[in-house]
Each structure stands twice: as structure tokens, then as C-alpha cells.
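Listed next as C-alpha cells is one chain, alone, in the form predicted alone.
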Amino acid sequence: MKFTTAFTICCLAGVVFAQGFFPVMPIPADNPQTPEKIQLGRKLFYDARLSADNSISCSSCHQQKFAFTNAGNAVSTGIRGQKGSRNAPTLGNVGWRKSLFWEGGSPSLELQAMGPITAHDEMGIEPSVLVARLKGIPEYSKAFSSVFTDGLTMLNITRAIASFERTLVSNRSPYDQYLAGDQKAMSKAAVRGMELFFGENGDCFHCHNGFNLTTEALHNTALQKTNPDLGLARITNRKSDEGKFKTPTIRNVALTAPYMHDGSIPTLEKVLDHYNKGGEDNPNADTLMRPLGLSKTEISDLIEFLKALTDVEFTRDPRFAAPK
């Protein structure tokens, strides 16, 4: 299948990929974006005083240079050196995600922010303690009073952080430039990889589709023969949901190793090897998991395409960096 055919099919399905054609981001009616709120959220995002022992911030696990992931670390490290159980996902284009966390347990960015702030093995601080701490900092008291009518509350802390996170838009990769008409933006190998990716032979597009290259669906990708992390089943208590996790965006994926929900696969090559062999013999494996029979050359082309999803401007944009 040629990419032109795959692209036509995707467009007919109501999906538009090209740069500048992202859908309008949904903004909660009770948390409209304002410049002042975004800047407050940016300051909070980088402030280690949001953790119980003042040692880590949101940015500790979501670093801009790694597309707002914790690249190089299989799982995140919380206060007192405690290790979590899951890999920190990218925050690129997170404002469009329909649900958050690897099992999709949070319906909004505002609610999601509560998780790591209060989790004992992450930032580990009680909401009342955090509110009291920030109220004792004059610049925060003043900023919250000017942004929110009810001032500094836990809800408003998460509202501000969410507002900043909604600005983290990544759409300037070579792939985006290619779709916008620059035929030289991607190498010939990357173009071949793109055709494989969106064709039945590569079979990647069934899960990684749309402007953000994710269908948002949950799948068991047969990572292991058993499911030490129950995934979606933690919410539903259904055995059939064991090992199901949300399909992540693969934008900037070359920057975000290691991979999978538990960070257990170290390189893109090994990720593709996993899918090429059809995964492990897991009883809950998704029906899409099957041996692909791709050659070494085809896998190499796919990797070149995945590298073309890197948005260097996103990782260097001063609007997203720590405030000075």
C-alpha cells in the first residue's frame, strides 16, 4: 500500500494529519486559558516545593529536552528515592488526550495532576499541607489572588498546572513538514518507513493514527506472558482487561527511551522486534498482535520514520522552559 492511499483512507475517516490542521483543543468551561494562569502553572510545574521534601517537581519526571518524559529511566523516582512502577509518558499534545494515566483512569488534566502530587511514592504531599506552604510564599499568594477569584486552593493549583500543560503542543517535526508540502523534509528511507507504517505490512496505523498518532484505545500488546501490572483491570476488575494499557502518542518517540508502560524495552529496535515477532504468548493478547515478517531493511526504514517524528523546536521552545 502506498502512503498516498493510506493518507486518503485516513482523511476519509475524518482524520487530518498535516501541520496546521490539528483540531481545536478542548478547554474545560470552568478552567479557561489565560496568559496569567499559564505562567502561574509553568512556575508550579518547575517548583520542587510542590513535593513533601522539596526535592522534586513535575519537571523532574517530565523534562523538556526529552519531550517532557523521564528518558533514560524505566520508571520514575519519587521523594526519598522511591521507585514507581511505570514509565513517565510524554506531555506533548497532552491537552488532546481523552483520558490520562496508562490505564486511562483520569478524565482530565486537572484531576490527573492530583495523582503524582499526592502519591506517596511520587511527590507525596497532602493537599492541605501544600496549600498552607504556598500561602506562606507571598509571590504565590499574590499570583493566585490575581488569577482566581477564590485564590489559592488545591483545585486552583491543578487548574494552573493543567493550563500550562495544554500549551505543550508538538507539531513541527519533519513528518509534519513533509505533510505540509516539503518533500525534502524526510529522507527516502523515512518515506519508505512511513508507507510501511500506514500500510497493512507494517500494521502500525491501526493503533497509532490521527494527528497525534494514537487512537487513544487500550490494548494488551503481549509484552510478557503474564501481567504483573494489571493495567485497565485495576479499574474494571475484569480479567479480560488484564495487561491493557493506553496507546501512547509516538511523536518524539526517538527521544523517550526506554519504552512501554514499564520502561522494559530499551531501544526502538527492540520495540520493533517485539511487534515483528507478534509479542509473547499472553492469553489476553490483542487480536492485532501477530507476527509481521518484516525484514531488517524494513525495520530500519520504520526506525527512520520514527526518528522523523522528532520535533526539535518543541524540545527547545523557551515558552516551555523553566521560568527565570
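So that there is no doubt, residue numbering starts at 1 and follows the sequence shown. Worth saying up front: this structure is predicted, and the values here are computed from it rather than measured.
The same protein also has a form predicted in complex with a small molecule, omitted here; what follows describes it.
M123 is the sole member of M194, L232, L152, M123 with a non-hydrogen atom within 4.5 Å of the small molecule in the predicted complex. Just one of L179, M186, L109, V147 comes within 4.5 Å of the small molecule in the predicted complex, counting any heavy atom, and that one is L109. Taking non-hydrogen atoms only, F101 approaches the small molecule to within 4.5 angstroms in the predicted complex. Taking the partner from the other structure, the small molecule in the predicted complex has no heavy atom within 4.5 Å of any heavy atom of I38. Residue contact check for D203: one or more of its heavy atoms lie within 4.5 Å of the small molecule in the predicted complex. Within 4.5 Å of any heavy atom of the small molecule in the predicted complex lies no heavy atom of R42.
Shown here without its partner, the chain carries T77, T256 and L292, all of which come within 4.5 Å of the small molecule in the predicted complex through at least one heavy atom.
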